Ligand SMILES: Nc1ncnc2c1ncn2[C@@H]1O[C@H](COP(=O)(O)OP(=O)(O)O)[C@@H](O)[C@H]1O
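Below, in structure tokens: the form predicted alone, a single chain.
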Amino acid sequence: MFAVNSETEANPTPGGATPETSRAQIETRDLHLHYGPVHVLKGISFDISRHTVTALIGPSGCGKSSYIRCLNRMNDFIGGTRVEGQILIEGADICGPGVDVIDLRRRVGMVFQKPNPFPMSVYDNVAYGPRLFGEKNRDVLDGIVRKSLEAAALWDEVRDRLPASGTGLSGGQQQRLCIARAIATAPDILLMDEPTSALDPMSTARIEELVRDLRRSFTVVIVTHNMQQAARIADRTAFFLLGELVEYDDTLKIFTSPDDKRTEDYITGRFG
């Protein structure tokens, strides 16, 4: 049906697993999301492990993007939003009123659908977050910028263009710059909302290769309409439909022997 990436890397637990080290990094428990009177997410419950790529698939309007915006409280900017249930990150509920949302967004970075570099230099795009959180030492900033651009597979292409505007890069380079900007604050989790939908096939392939590499350092949650992409890069896949989580399992199983008929119908193109 689809060529599924089977090269899932083992995630060793130094010193042996304990309840604290083996628990999921993101635990979602009976999550409901309302935008005013509209019930967007309905009783979502599943766990996401560290250093994995989790793909969220499903038709438009099924709640995928709304879900990942719950993980860094981006939905707080939408009037009339109401959240019920729990999202635990490293065991701490992020939905409560006492949460430091600014620190949460530092720990949970996000890359959006369309490349959106700031209208400033390549260097300043990447240094923006660390400066925002108080880093002023130029040598330290230089190191963060280089390390982040290297992690985003962009350093060799822009090392001589750091003072140039980030908006002057190609579309694929701009998206990798946005990834570098997101990881410059050293988050634990990286959210990606259809990061390749506006890119050409060659740039898409570069981003997919990058995502597979990024899971060594981050937990990646990616929304995609491209099921072939999910099959290529994801360790686990969640299928959303009409605000519900229909099925969540290893990507290989989702794409070859799903348990729910609705999953099979969507994957085979019978609807969506």
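On a predicted model such as this, the values are computed, not experimentally measured, just so you know. Don't overthink the numbering: it's just position in the shown sequence, from 1.
Here the subject shifts to the form predicted in complex with the named molecule, a form of this protein not shown in this document.
Using a 4.5 angstroms threshold between heavy atoms, F46 stays clear of the named molecule in the predicted complex.
Proximity of C62 to the named molecule in the predicted complex falls within the 4.5 Å heavy atom cutoff. The shortest heavy atom separation between V220 and the named molecule in the predicted complex exceeds 4.5 Å. Among heavy atoms of R50, none comes within 4.5 Å of the named molecule in the predicted complex.
In terms of contact with the named molecule in the predicted complex, the residue from Q229, S66, T28, T54 that brings a heavy atom within 4.5 Å is S66. When you look in the predicted complex, the only residue of C70, V40, I207, L245 with a non-hydrogen atom within 4.5 Å of the named molecule is V40.
Of the stretches 231-239, 199-207, 212-220, 54-62, only 54-62 has residues with a heavy atom within 4.5 Å of the named molecule in the predicted complex. Annotation for 74-107: the only interface residue with the named molecule in the predicted complex is I78 [heavy atom within 4.5 Å].
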